[in-house]
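Just the one chain here, the form predicted on its own, laid out as structure tokens.
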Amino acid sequence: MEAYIFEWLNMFFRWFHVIAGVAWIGASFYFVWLDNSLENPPQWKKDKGIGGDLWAIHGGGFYEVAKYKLGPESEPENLHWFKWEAYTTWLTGMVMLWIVYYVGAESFLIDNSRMEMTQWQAIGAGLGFIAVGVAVYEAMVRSPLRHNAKLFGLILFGFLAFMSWFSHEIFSARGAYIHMGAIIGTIMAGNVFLGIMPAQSALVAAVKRGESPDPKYGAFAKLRSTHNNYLTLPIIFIMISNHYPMTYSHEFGWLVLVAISFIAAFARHFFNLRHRGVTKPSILVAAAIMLVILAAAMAPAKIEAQKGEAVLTDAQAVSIMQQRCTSCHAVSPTNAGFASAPAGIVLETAEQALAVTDKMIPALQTGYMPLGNLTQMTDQERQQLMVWLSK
């Protein structure tokens, strides 16, 4: 019953997390597009302090949007703030992190072949890992380094690449990816909570006092918002990566994450430039070429029986799966962490296994399955099953 309850909690908070994330990322994309698409307003608007405006049509109606250069003459009666999308996404993400990776640390977070840890040591390492990542970013963004965009981006990218490598040294492959996502997600939520909201509060306070707002507050908030914009596509990839063990369980999974994150952020740059009237299709072409090269470099080697190696019979293959796989992949799993077979894959018969060959071979090749190798599957058994599945 406990596993059943956690499965429902997992489903609910994952659903909630995705909904909140769509709202947050959608708002982020919209406002960056809006800011980059503002046009030079007529003089009568400039006289009111408006720095840019935009006309749009949507849902059967015309919209006129104006952005003040600093602030309006008086505080609007109804001022809409955008923050709960970010906070809700982060909160539901942390709940999911706890439910899946901390409660289920032995299955999803700990890999004793990398580092032996107890459940609470793994939880402490995970939270500490996130805290260090966010602390380094905050130190950077509050330093003079933020004024040099290219150098800032280069150093931040290098730091996150190092953290990706380090995460794979201490956590399971899947746990490493999700903790990189937790760092990026916390940085993004922190940008809202620690930077954007205080800056906006300062702007509103100045308007209330009848003063002209200090432009540094708006500039700092926009900088953090821009950082969030470039981090959106990498974190969306991490959110879906658990469905693709070929990425995180690759021999160089940390480098795969670095490469995909760079390609995603680079592709995002195309759209940010386009919103400002600068169209460079070469960016998208280059991003696509890099992705194809990465996919080719990651392609698995052909599976062949070793010299003198006999191919398993169906009965022998089923025997191995009963020892190593069916504690989870059964109609009624005996693993306390599962109320039903993961992804609906049942491996109690040869026919059931052969029906999901395309899923089993990558999982065996990458070492993703069994989770955390809790059932101690040997390399020889892994090889024998892959040859049997490929026959």
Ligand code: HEC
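Counting begins at 1, following the sequence as shown. Note that the structure is a prediction, hence the values are computed from the model and not measured.
Although not depicted, the form predicted together with this ligand is the subject of the following passage.
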remark   = Partner-free chain; cross-checking this ligand in the predicted bound form, the single residue of Gly104, Gly126, Gly181, Pro245 with a heavy atom within 4.5 Å is Pro245
task = Find out whether any non-hydrogen atom of Ile25 is located within 4.5 angstroms of this ligand in the predicted bound form, and reply yes or no.
result = no
message = Is Asn335 part of the interface with this ligand in the predicted bound form - any heavy atom within 4.5 Å?
response = yes
ask   = Can any non-hydrogen atom of Val32 be found within 4.5 angstroms of this ligand in the predicted bound form?
value = no
query = Would Ile345 count as touching this ligand in the predicted bound form under a 4.5 Å heavy atom rule?
reply = yes
request  = Would you mind picking out the stretch of 47-55, 361-369, 33-41, 65-73 that comes within 4.5 angstroms of this ligand in the predicted bound form, counting non-hydrogen atoms?
outcome  = 361-369
note = In sequence order, the residues of 323-343 that place a heavy atom within 4.5 Å of this ligand in the predicted bound form are Arg324, Cys325, Ser327, Cys328, His329, Asn335, Phe338, Pro342, Ala343
